[in-house]
Every structure is written in structure tokens, then in C-alpha cells.
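Shown below, as C-alpha cells, is a lone chain in the form predicted alone; questions about how it binds or moves come after it.
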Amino acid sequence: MGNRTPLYDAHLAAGGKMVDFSGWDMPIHYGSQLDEHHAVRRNAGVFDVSHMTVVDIQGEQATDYMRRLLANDVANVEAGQALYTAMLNEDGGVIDDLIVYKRDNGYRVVVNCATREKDLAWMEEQTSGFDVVVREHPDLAMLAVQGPEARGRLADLLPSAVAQHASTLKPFTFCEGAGWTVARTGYTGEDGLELILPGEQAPDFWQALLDAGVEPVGLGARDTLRLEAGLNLYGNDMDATITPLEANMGWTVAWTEGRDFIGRAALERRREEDHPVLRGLVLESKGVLRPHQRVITDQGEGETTSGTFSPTLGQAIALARLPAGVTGEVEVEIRNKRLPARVVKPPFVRNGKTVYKYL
């Protein structure tokens, strides 16, 4: 038996098909992954993401510590704003990608469950020399409510301490109250909110969402939605051997003069070198794109990192690491056949619409 979130029984009651996900018993779907995908694109869906790890960083030198720890610069955001970034090793490889929330009295970060132990050990190791405390919060649950109708369905359900402020949040901002963190962030390419709340309150709130017409959504649709949105998955599209420059994450690196973040020197060297880049692919014939398929280009070979059939587009899509400068048509090797695909700039879908651009 794996770890269970506070919503385990609620998943079973909703018909969730449970699978092992990085040591957690999680729902892959509740009957139809396809219907759940479309629910988020067209209406509203809720994901249990309580398996992710919530960590608070506080102390006199919390800001100095975070500016050293992360590739992006927390000095560029104010309290109430969120920042997407990565923790890098000394070689510039991505230990994990995460969102950091800048609070009045410190920082809250949410890291991936698959990398939890590694992340916590690394964060603790880097506290040396800083007056800072790193504290995990296993008592908290986390829900993502996503889709064009998500915020409207949530309006009457949130605690009064956050309801009014939550209705006026701009993208990548958040508010807090009554032990809740409500952020206008997500992993689907749709509008919506991510909610961190006390674990014991999660089952009743989940039920209130379902009663309000929000569909429960499993990990299967979460993956097709994030890939359509052109969002990276740790372990697929980047890992400790891949730098942000090779993972379409160069925009998450802040080169603030004089700031010596971990991995900076290695990244500066890599920036001067000819290195592979992460691009999108759209398959031009029938077939399914999957990770680790060979991509044949005029400038050498590449490899798909994530791939799926896109329910919104009705064709196969992928992220692929390719030689720099590759554009136009390439070939993907699928079951010993070479099928034509077009190189595109992700995202593929945003707010329900096709948005990718040919390169």
C-alpha cells in the first residue's frame, strides 16, 4: 500500500481507478480520461495534487538563501506574487522545477513528490551559513481547480477569509487566510486556482466542488492537458543532467548582476556552447508519439521527451530535444517506420484554443 492523500476515500467514492504514482495511491481516471480532459478545456475540473510537497522557508536570511538556491530571482517579485523556477546543481542540471510563493514572512514552495527526499535534503544542505529554517508541511492538502468556469464555480465555496481577494487575483498572484493559500496558477493551460488547505478540510471541500458541477480529474488527463499547454514534466523533459537552456526554461533564469546562484557558472559556459533545445512536434500522419522516440533531422538526431495524442487537436503531439536551429519537417521513428512531423513552438493549446506556431 502506498501513501494516501486525505482524499483517498473520496477518490474511491467517485469511481477513481487507483494506481501507484511515485509511492502514492492516486487516481489515473474516474472512468474516462478523454471526458475529464474535455471537462477542463470546456468547463471545470478538480485535481487532487496533495501528493506534492509543500515547504516553507523562513528566517532573517530567507531571501538571501532563496536567491542563492534558485535560478530565478525572488527579488524580482513582491509579497503576494508567485514565481516559476528551478533548483539547479553545480553543473546547472535541474534538481527540480517548482513554484515559489513570496509571503509577508518568508516563502512557500511546492515541489514534486517524485523528488521529495532529494529536494528536501538539498534544500537543507544549502542552509549552511544562512539564518533560515526549512519546514515541510505534510498536514496540508492541495487541490487544483482548472478550466474556463473554474473560478466562477469556486466563488461561493471558498472560506470568507480568502473569497473576496481570490476573486480579484491576477495570474501568478495569491492570497492567504484561515490556513489557506489560494493561487491563480495551474498546470493545464487553462485559467483556474490552486488551493493549499488544511488536510482535514479537504474531503468536505472536494465534495462541495463536485456538488457545484466541477468534474474530478485524474493523473491521465493531467498529463495530456499539461503537454498540450507545453509545460514540462520533471523526469521526462528535464532532470539533473539537463540544464534549463536545453529544456525551454531559459526564461526562468534571472541573470541578475552579482547574484551567484547555484549552477550559474556552469550555465554561463553552456550558454556559449552549441546545445540541443526543446521544441514541439506535431505528427502529420496517423500514429502516436511517445517519449524516447528517435527524431531524424537534417542537422542530426533528436529524441522525443514527452508525447501523447492531443484530445483537443485530434492529432499526436510531443516535446522533443533537437539540435539547435532545426525547423520545418522532421521524421519520427515509430515502430521502425519514419513518419513526418512538423517542428513547432509550444504551447500547443491555451485557453481551449490552438496556439502553436510553425518553426
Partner chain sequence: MSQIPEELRYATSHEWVRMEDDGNVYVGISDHAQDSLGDLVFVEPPEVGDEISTGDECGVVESVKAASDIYAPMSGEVIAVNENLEDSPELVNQDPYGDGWIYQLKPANKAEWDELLSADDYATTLEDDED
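Keep in mind that what you see is a predicted model, and the values were worked out from it rather than measured. Residue numbers count along the first chain shown, from 1.
Another form, the form predicted in complex with the partner chain, is not on view; read the next lines as being about it.
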- prompt: Just one of 105-113, 172-180, 138-146, 218-226 has heavy atoms within 4.5 Å of the partner chain in the predicted bound form; which?
  reply: 218-226
- request: Heavy atom within 4.5 Å of the partner chain in the predicted bound form: which of Leu313, Ile28, Ile296, Ala324 fits that? Just give me the one.
  value: Ile28
- prompt: Tell me, which of Gly93, Pro276, Gly287, Gly186 has a heavy atom within 4.5 angstroms of the partner chain in the predicted bound form?
  reply: Gly287
task: Would you check, heavy atoms only and a 4.5 Å threshold, whether Thr308 touches the partner chain in the predicted bound form?
output: yes
query: Is there a non-hydrogen atom of Asn43 within 4.5 angstroms of a non-hydrogen atom of the partner chain in the predicted bound form?
result: no
message: With a cut-off of 4.5 Å between heavy atoms, is Ser32 one of the residues that contacts the partner chain in the predicted bound form?
response: yes
field: Distance check, Lys17 to the partner chain in the predicted bound form, heavy atom within 4.5 Å
entry: yes
message: Need the contact residues for 316-340: heavy atom within 4.5 Å of the partner chain in the predicted bound form, sequence order, or none if there are none.
response: Arg335, Lys337
